[in-house]
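One chain follows as structure tokens, the form predicted on its own.
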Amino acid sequence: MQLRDKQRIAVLSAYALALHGFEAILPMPVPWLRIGLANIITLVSLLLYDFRTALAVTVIRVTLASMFTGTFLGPSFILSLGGGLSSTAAMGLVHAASRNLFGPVGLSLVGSLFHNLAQLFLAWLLFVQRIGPVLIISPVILLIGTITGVVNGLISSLLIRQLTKENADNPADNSEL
């Protein structure tokens, strides 16, 4: 991996961590509910760069955020990492298989779905071990995930459009985000 790639991953990870921190101070009606703003950076990384960059950003963001909040290797870390890895993998596979079929909103919905399914599965497997409560909460989680997936996809689309426009307007500075 070249130095430019490492710098890009570091900058994108810092953006993702900043969004994660910002999201943590937003008032939420349910304590465990997250909008997933940091996933915008993962999607932008995938679409502007590649799968490897998006995966690295996800792993770094989840790991560092859990270390900062004191949840490293705890239940929320396991759920977050499982959701993040499955989401990034699903978006990467769908994007690789059909580059022109799904835009940022479609990929964000795919990512949201797989993120939520992975978290529900891990919660059932490791913590709840009863299918009833998981089935009861699933529609709510999937509905909220669909809404946030659309919102994050729209924001990602706007961000990508702005970044590519800026790079087109300033070709001498294409090495930067």
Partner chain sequence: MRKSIRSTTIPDRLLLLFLVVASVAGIFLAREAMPESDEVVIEVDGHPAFTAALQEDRVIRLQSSSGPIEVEISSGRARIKEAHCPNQLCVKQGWVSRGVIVCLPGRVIVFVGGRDTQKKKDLDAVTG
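Residue numbers count along the first chain shown, from 1. It should be emphasised that the depicted structure is a prediction, and the values quoted were computed from it without experimental measurement.
The next section is about a form of this same protein that is not shown, the form predicted together with its partner chain.
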item	value
Partner contact for Leu143 in the predicted complex: its partner chain, 4.5 angstroms, heavy atom	yes
In the predicted complex, Val105 touching its partner chain (heavy atom, 4.5 Å)	yes
Val110 within 4.5 Å of its partner chain in the predicted complex, heavy atoms	yes
Its partner chain contact in the predicted complex: Pro139, any heavy atom under 4.5 Å	yes
Option touching its partner chain, based on a heavy atom within 4.5 Å in the predicted complex, out of Val150, Met67, Ile35, Val59	Val150
Position in contact with its partner chain when the complex is considered in the predicted complex, options Val11, Ala24, Leu154, Ala18, heavy atoms within 4.5 Å	Leu154
Members of 55-81 lying within 4.5 angstroms of its partner chain, judged by heavy atom, in the predicted complex	none
